[in-house]
Each structure stands twice: as C-alpha cells, then as structure tokens.
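To begin, one chain is listed below as structure tokens, in the form predicted alone.
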Amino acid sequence: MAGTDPLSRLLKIEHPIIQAPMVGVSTPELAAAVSNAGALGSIAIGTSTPDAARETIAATRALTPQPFNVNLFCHRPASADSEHDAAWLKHLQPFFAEFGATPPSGLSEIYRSFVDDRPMLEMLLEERPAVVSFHFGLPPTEWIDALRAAGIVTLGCATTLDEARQIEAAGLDAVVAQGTEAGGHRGVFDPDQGDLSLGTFALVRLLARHCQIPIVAAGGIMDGAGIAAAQSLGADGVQLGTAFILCPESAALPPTGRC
C-alpha cells in the first residue's frame, strides 16, 4: 500500500524514505529488505557493466516484489592524456616503492559515466526498474525521456539550486537535495565551478521555495526527529545512507576493534 504523501505516491511506497545507493555497501539483500519494509531500497550500478548491473537487478527482484531504485553516475567522461598520466605515475612512484608494489603501466577510467554508456541505457529500458536515479549530473534529455516513457520514475541529485533547476527542466520526477553533511561523495555537476557546501536543511528550504517537483532531503539525517525536521522545512521525504550501514544485509566490513 502506497502512502498518501506526494513522494510515496510517486514511488509507490508506504514510507517516504529512500535508502541511499552506496557503492560498496548497498547490496540486493539490503535494498530488498528496505523495500519489503515499505521504504525504497537502492542498488548502485555506477561501477558495473551492463551485464553485471542486469544480474544485480535480477538478484534484487528475486528478493522483493516491491519497487527499488537503481543509481547511476553521470560525471563528465574522462579524457585520455598520456603526458598527464605519466606525470602522475612518476609522482606516485615513491609511494609504490615504499610498499614494495609495482605501479601500473598506465592509467585507465575506473567508472564509466552513464552519459557515455548507451548499452547501459538499453539494458535499463529492457529491465525497466521502478526507479532510476542520477548522481554527478544528468544524462542526455532524450535518454531521460526514454526512461520515463518506459514507466520508470527518475530522480536527480542536486547540491545547489541551479542543479535542482536543471533537474526540473530536464523533466525528472523528483530531486534529491544533497547537503554537505551527506556521508558519501559530493554530487556536484561541474567540479570546475566549486562546491557551495550548502547544508541539508538550508538546501531543502531553498529548493522548497523554488522547485515544483518533490524534494528528498539527504545528509545528516539518522532518525525520526531528523526526518520530521526535514519535512517541516519543505522536504517530501528523506534519503538515508549511514543509518543503514550497520544493517546485517549491508556489505560494510564489520568493526575490527582497532583505530
């Protein structure tokens, strides 16, 4: 049963809470447990190939019939520069030597951006997860249109009002307001423009005054009091990451007892 608030109706969930899609921490088991509890679980496929992402979606679907979110990185694709790479390898050589490690012969892009990955788009259009969210920017508008035409709800992460306006103008269904308290990486669209480092509550209040689509507060929220505070400032729901790390379904390493 979906909740009565705008975000819950949009996402077809009972509680307006999203589990943050944390690479290296979120798992199909964690996403499914959250979704089965009435919120929106998330899996992160920003580091995956289309085939690996398809397997992760299938593994999550095997554990829950409820909606869940699939998150992608939309950063600026890397540009190869052999001279720049060689300079970095030379700079890092002493550190490799210190630990008796062999440096790589060259550098390569670790995370392929979704904006340059049409096979990933085609996989999503075939699999049709309930929700797809974007971090570090946005894919081409026609890709967003294709996802929405396939019945997929789309979310975009914003750290500023300008980024939120871009998300709204692109036709996404909701915006995740990522404050500087968020425990993961910052989702700025253009690193060259710097980071305003707006706090979650200040950003939520700013977006609430200017945006027409639902707002999801993210960053520093750990309990019901934090959720209520975010909602009182204009958030339609919240996204929590750190609060889920200690769940048994998380892939986070257990504490070692050492500092």
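This structure is a prediction, so every number in the text was calculated from the model and none was measured. Quick note: we count residues from 1 along the sequence shown, nothing fancier.
Absent from the display: the form predicted in complex with a small molecule. The rest refers to it.
- Every member of the trio 71, 178 and 239 reaches the small molecule in the predicted complex with some non-hydrogen atom inside 4.5 Å.
- Partner proximity in the predicted complex, defined as non-hydrogen atoms within 4.5 angstroms of the small molecule, places exactly one of 164-172, 184-192, 142-150, 75-83 at the interface: 184-192.
- With the partner omitted here, the residue from 220, 50, 67, 28 that has a non-hydrogen atom within 4.5 angstroms of the small molecule in the predicted complex is 220.
- Contact between residue 21 and the small molecule in the predicted complex is found at the 4.5 Å heavy atom cutoff.
- For the chain shown alone, residue 251 is not a contact residue for the small molecule in the predicted complex, no non-hydrogen atom being within 4.5 angstroms.
- Contact check for residue 44: a non-hydrogen atom falls within 4.5 Å of the small molecule in the predicted complex.
- The small molecule is not shown here, and in the predicted complex it never comes within 4.5 Å of any heavy atom of residue 247.
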